[in-house]
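Presented as structure tokens, the chain that follows is alone, the form predicted alone.
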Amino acid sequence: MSEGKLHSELLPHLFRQEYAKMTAVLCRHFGLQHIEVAEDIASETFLKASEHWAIHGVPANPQGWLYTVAKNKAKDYFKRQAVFESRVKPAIQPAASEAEIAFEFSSQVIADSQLAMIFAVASPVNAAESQICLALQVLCGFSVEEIANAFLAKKETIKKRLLRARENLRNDNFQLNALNEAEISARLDTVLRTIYLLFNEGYFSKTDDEVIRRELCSEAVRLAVVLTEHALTNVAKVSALLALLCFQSSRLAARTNSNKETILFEEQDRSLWDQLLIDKGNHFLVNACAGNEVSKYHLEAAIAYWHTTPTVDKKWEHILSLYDQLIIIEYSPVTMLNRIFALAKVRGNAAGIAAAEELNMEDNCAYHELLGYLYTSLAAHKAIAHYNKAIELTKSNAEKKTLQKAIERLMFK
């Protein structure tokens, strides 16, 4: 691989992986109310990398290079900016000397800072949806468009929500200190939902013309692992969520073909499934079931478990039963459509169609995609009509290509 190509492919990957870590550590020094300063320094670090690496090549230790530059930029900021004397310095501690402002980017500091940052962004000064929006932007590097897709909302709505959330955090003057058990308990559900949405955007991506965005899935798994490594956050529903993410991640390589088109579950090459991730999913699911708690993540992990097991009697009956329980805990259109898919596996496509048409989700792409699939063996012309409607509704070019292929198969049968 050429140096230029290595640089162009490596830097976006490092940005997704390291930007949030860098920002979290910097925020421990600047205070969360000055998060924009930390973000600016992190952004400038990657800009310098883009310019320097293009000319001089990628350094032997890219991550170390980035953190050294970030450290130096932070120190320069404290030396040169008047805002340090008037606003930041008093917020850190009275009369802090330059020697006391020591930046460290060790693995432990990064892990601790990230954990504190995750829960700081999940501050109750903001509404739950605003907390998640801000976390997706700050912790995960989501664009406004990606957040809008995750919430099925307009970009302008998300922009306003993010501006208000940032202002509330500044006014709250929250510091990234050690968290206590009460704070963690109050904020954990929001943190878990953020990680869940991050993974879903990677697994069912509607942006960047990609059906799957592996870097988002990996980031979600990484954040969930961070939670399991801390005594106060290593609880049952965290293990359940991580089990779910492992099971789902195990099938990533089999979900698309070389043309980035989706491969249906029944048609996937199971030799491509990652058995190591399935084993990890089993491990975390066992941990999650140690107590009496049953969360949505427990049920979804159990559903994912059944998907990764070899074909057994009543497999889909088990999955359908789990979806019935999941709907009681948390109703959503996606859950309903997934339940109908399982229902069709148990009682036949006609029963699935009847249940789906009762929902009447005419503006939902997944609704028409499901009906297209269910009508395929019963009425090809209706399947084609629903697939065409799904093409109209989706924003993803990759998904449009997959749906068009399904139509062509029906037309040339």
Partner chain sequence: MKEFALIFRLQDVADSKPSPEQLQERMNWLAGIVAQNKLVDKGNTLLPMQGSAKTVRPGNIITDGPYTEIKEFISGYIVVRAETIEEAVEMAKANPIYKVGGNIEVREVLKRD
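Everything quoted here is computed from the prediction, not taken from an experiment. Positions refer to the first chain, counted from 1.
Below: the form predicted together with the partner chain, not depicted.
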Quiz item: Tell me, which of Asn338, Asn200, Ser130, Asn282 has a heavy atom within 4.5 angstroms of the partner chain in the model of the complex?
Solution: Asn282
Exercise. Answer with one of Gln268, Thr157, Gln325, Ser143: the residue that has a non-hydrogen atom within 4.5 Å of the partner chain in the model of the complex.
Key: Gln325
Exercise. Have a look at 135-143, 302-310, 117-125, 218-226 and name the one stretch with heavy atoms inside 4.5 Å of the partner chain in the model of the complex.
Key: 302-310
Quiz item: Does the partner chain get within 4.5 angstroms of any non-hydrogen atom of Arg161 in the model of the complex?
Solution: no
Practice problem: Tell me, yes or no, whether Ile212 is in contact with the partner chain in the model of the complex, where a contact means a heavy atom of each within 4.5 Å. | Solution: no
Practice problem: Verify the contact flag for Lys296: yes if a non-hydrogen atom of it lies within 4.5 Å of a non-hydrogen atom of the partner chain in the model of the complex, no if not. | Solution: no
Quiz item: Taking the shortest heavy atom distance, is Arg187 within 4.5 Å of the partner chain in the model of the complex?
Solution: no
